[in-house]
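Only one chain is shown below, in structure tokens, and it's the form predicted on its own.
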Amino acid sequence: MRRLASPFGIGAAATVVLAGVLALGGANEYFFFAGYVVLQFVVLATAWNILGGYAGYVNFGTAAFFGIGAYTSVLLFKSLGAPLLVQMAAAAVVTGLLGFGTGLLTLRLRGIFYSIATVAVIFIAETLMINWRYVGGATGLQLLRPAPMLPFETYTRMLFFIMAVVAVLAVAIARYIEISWIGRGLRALRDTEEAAECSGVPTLRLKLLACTISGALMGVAGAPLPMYLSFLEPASSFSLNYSVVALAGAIIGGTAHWLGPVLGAILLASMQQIVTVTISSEMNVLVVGVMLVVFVVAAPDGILGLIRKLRRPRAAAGKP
């Protein structure tokens, strides 16, 4: 009961309730259209941080898992007419297995060599989808949305609420990993992998587990994309923008804590949406680049690290 009544549990429940109230309220439809994107990047940044932040393996392959999740969803919808929740569950399984398989092939690499290998996964996945005509090939596939589930008035509102639930679940998983023996093991191998192995930490097993969970969450984030856009094509589904924003969100917020990617993704994605409306959608990449450079130079530990630095002088001044 104490665990269920923890501040995190109360906050998670309040977030889901608030999302439901907003989705059933009278807010402008664009709010849900943009809010979905912000929540989507919260999931991606949180998923990236499980492997890239906790374990220290910088992964640029987010777009591959995101795109495969989207195409898994399309395949099930086109062939079986599967509902969205089934599509998302299948996407989690497929991309989780993809993460496990990719981990077996790449996690023995270190540093930049691992990062380059993850980029290659994107191009392989995109090439396969370009040449698969059943899911639209290079020209893409137009989709007709089914009716939204009750009590939601529009499909966009329903997707907003579903993505809010997914975001809360992703953060809860990341938090559990951080405070559990898994997180301690991942941090040990991030600091010194050789020393962790000598201490009995099952480094390969932990890395594979992190890669599998991270890939599954990225796939779940991508699964609703076809219904969100009513269209899907390889160039945008496997865009490197997903990889860059997921990485940038985690770094801007801070990779050492589960809350960091949440704060970073909300700040970054919200800024992108504001710039899209007020200036131009072409400026999105510039926003990511500028914010990433500013935080890497001025606050390398992210927003959370900056908050800790600001608290230290106050704490020191309060001591007798």
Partner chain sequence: MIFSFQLLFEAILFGILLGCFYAAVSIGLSVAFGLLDVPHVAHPAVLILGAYCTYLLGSYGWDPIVAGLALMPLFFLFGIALYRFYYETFEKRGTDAGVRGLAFFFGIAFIIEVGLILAFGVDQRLVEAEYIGKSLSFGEMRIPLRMLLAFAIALVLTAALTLYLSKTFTGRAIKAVAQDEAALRLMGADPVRIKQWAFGIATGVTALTGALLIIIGPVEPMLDRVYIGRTFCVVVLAGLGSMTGTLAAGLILGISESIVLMHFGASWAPAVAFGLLLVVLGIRPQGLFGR
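Residue numbers count along the first chain shown, from 1. These figures come from a predicted structure and were not determined experimentally.
Heads up, the form predicted in complex with its partner chain isn't pictured, but that's what we're talking about next.
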{"query": "Leu310: touches its partner chain in the predicted bound form, heavy atom cutoff 4.5 angstroms", "finding": "no"}
{"query": "4.5 Å heavy atom contact, Val21 and its partner chain in the predicted bound form", "finding": "no"}
{"query": "4.5 Å heavy atom contact, Leu128 and its partner chain in the predicted bound form", "finding": "yes"}
{"query": "Its partner chain contact in the predicted bound form: Ser239, any heavy atom under 4.5 Å", "finding": "yes"}
{"query": "Residue stretch of 210-218, 240-248, 153-161, 83-91 approaching its partner chain in the predicted bound form, non-hydrogen atom distance within 4.5 Å", "finding": "240-248"}
{"query": "Residues in 267-302 close to its partner chain in the predicted bound form, defined by a heavy atom within 4.5 Å, in order", "finding": "Glu282, Met283, Val285, Leu286, Gly289, Val290, Leu292, Val293, Val296, Val297, Pro300, Asp301"}
